[in-house]
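Just one chain is shown here, as structure tokens, and it is the form predicted alone.
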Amino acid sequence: MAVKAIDTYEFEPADKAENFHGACVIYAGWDGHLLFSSPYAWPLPPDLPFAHFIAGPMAEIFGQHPDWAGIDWNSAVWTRNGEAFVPDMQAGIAANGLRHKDALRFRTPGLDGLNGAGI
């Protein structure tokens, strides 16, 4: 839906990188699991290994879903800002090329939500 502004729309963004004291905000959403209706966002240290991002912040949220425990991370399919992405699990957030406000999505083949309903 197009948005038409009634006046100029100029302001200093409050979520710019320098306001996060070295952390970068990374969004992540789990496709086919609408129990989580929108991506979550975390301010992460750039040197946090990607595997720790999964085991920590992501597990705290997505681990509530019964499919979480069954994920084979070697077969998970990732995108970053809509483009194919293959994370190095041992490398840090920055070393994986992730930047402030990047959006990750992941699919887990064979795990299709509650009773296969995508929920």
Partner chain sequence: MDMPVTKKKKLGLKERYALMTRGLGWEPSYQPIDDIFPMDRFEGIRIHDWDAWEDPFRLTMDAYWKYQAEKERKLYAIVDAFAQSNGHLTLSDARYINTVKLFVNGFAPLEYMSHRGFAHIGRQFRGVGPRVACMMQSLDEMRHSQTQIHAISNYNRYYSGMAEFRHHHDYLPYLQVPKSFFEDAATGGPFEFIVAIGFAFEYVLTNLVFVPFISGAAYNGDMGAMTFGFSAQSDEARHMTLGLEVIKFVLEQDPANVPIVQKWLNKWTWRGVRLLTLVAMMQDYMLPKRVMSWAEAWEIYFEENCGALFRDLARYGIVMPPCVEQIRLERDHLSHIAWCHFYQARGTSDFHVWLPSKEDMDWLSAKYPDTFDRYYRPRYEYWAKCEAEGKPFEATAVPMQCQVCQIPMMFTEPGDPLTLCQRHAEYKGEQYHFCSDHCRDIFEDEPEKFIQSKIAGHEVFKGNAFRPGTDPTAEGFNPAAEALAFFRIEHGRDNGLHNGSRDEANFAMWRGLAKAND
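Positions refer to the first chain, counted from 1. In this text, all values refer to a predicted model and were calculated from it rather than measured experimentally.
There is another form of the same protein, the form predicted together with the partner chain; it is not shown, and what comes next is about it.
Participant: Answer with yes or no whether Phe85 is in contact with the partner chain in the predicted bound form, where contact means some heavy atom within 4.5 Å.
Facilitator: Heavy-atom contact with the partner chain at 4.5 Å: absent for Phe85.
Participant: Does the partner chain come within 4.5 Å of any heavy atom of Gly70 in the predicted bound form?
Facilitator: Result no; Gly70 lies far from the partner chain in the predicted bound form.
Participant: Is Ile61 near the partner chain? Define near as a heavy atom within 4.5 Å, in the predicted bound form.
Facilitator: Yes.
Participant: Give a yes/no on whether Leu111 approaches the partner chain to within 4.5 Å in the predicted bound form, heavy atoms considered.
Facilitator: Taking the distances in the predicted bound form, the answer for Leu111 is no, it never comes within 4.5 Å of the partner chain.
Participant: Could you list the residues in 100 to 119 that come within 4.5 Å of the partner chain in the predicted bound form, counting only heavy atoms and keeping sequence order?
Facilitator: Residues within 4.5 Å: His100, Lys101, Asp102, Ala103, Arg105, Leu114, Ala117, Gly118, Ile119.
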